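Shown below, as structure tokens, is a lone chain in the form predicted alone; questions about how it binds or moves come after it.
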Amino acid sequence: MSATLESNENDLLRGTRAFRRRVLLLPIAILVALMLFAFFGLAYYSLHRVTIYTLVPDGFVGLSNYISFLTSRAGQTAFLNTLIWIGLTVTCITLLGVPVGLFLAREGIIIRVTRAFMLVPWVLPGVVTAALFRWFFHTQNGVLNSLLLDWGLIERPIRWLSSPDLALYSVCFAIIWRLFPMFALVTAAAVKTVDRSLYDAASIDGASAFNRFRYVTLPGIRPQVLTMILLVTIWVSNNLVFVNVMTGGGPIGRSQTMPNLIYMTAFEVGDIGLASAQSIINIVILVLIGALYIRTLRNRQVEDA
């Protein structure tokens, strides 16, 4: 009798666990289904002539939208600007975030206050930050030019946002300011998880501060740093607000990036088919970056093993 009861309890327990797994998997399955639906819908639109006025495919055009983008001057400029935009911002955010994170990992009242204020750029809405930097870089009434003129460092105002050579880099500066504090705070939290005994052993062995960072701190925080690099890359790659608010992609497209070009193609030009092809290309860029990240992380895990 007791064996039968125990068997029933085990069957009930297994059934409960299976039900819980199904319940947990249901939201994931719905999310994956929605993502696949959106992707294949985007791919379908990219192969057809579609306008924003009807959103109904008007004819099959094959790879014409892709060829149109890749051969157009605007498309090539946006693609190159996107590579610069991603490479420069992610590199600068990493180079700023890691040392600032090491500083924030210390203890003290000043450090705690600094940590609190470091959250301000991240908490502010992106459109507010972009608008503030647009005013900051304004040619005639901007804070930066006013300070440089007062200090006698320049003779005439610099066209930060209207110069073909400076516009893109001015926008890069703004998004770096917004994102690097979060990178630094994550790095600081990661540093605190490193085993302190490893530092003691390194000090006993006579390791310098640089060698302690190289052989103890850096391996200890590498997974978190690599993850933040991937997240920052995704945030930057998909960011539309800063370029759109600060320069609108100008002058003459010199600060145009893929997200802003997609937005303009879809909602200003009204060509949904071409915008879909541009979106697919942008997705391919992100997938390649993600694949590079996964490969790097696996190689590091193999080396550590």
Partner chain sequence: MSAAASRKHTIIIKVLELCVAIVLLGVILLPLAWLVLISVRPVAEVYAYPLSFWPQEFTLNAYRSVWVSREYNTNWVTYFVNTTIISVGAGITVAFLGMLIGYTLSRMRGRPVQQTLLLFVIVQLFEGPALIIPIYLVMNWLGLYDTRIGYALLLIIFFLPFAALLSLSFAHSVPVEIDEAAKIDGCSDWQFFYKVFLPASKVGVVTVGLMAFLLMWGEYPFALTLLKGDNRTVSTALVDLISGISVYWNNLAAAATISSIPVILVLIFAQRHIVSGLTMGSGK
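Residue numbers count along the first chain shown, from 1. Only a predicted model underlies this, so the values are computations on that prediction, with no experimental measurement involved. Think of the rigid core as the biggest set of C-alphas that the two forms share within 1.5 Å after superposition.
Heads up, the form predicted in complex with its partner chain isn't pictured, but that's what we're talking about next.
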Candidate site Val98, Ala207 and Ile252: all three near its partner chain in the predicted complex by heavy atom within 4.5 Å: no
Exercise: Arg196 in contact with its partner chain in the predicted complex, heavy atom 4.5 Å: no
Exercise: Tyr66 in contact with its partner chain in the predicted complex, heavy atom 4.5 Å: no
Proximity of Pro121 to its partner chain in the predicted complex, heavy atoms at 4.5 Å: yes
In the predicted complex, Thr91 touching its partner chain (heavy atom, 4.5 Å): no
Candidate stretches 68-76, 138-146, 199-207, 212-220, one within 4.5 Å of its partner chain in the predicted complex by heavy atom: 138-146
Members of 234-271 lying within 4.5 angstroms of its partner chain, judged by heavy atom, in the predicted complex: Ile234, Asn238, Leu240, Val241, Asn244, Val245, Pro259, Ile262, Tyr263, Ala266, Phe267
Ile252 C-alpha relocation of at least 2 Å between this form and the one not shown, rigid core basis: no
Post core alignment: Ala29 C-alpha displaced by 2 Å or more between this form and the one not shown: yes
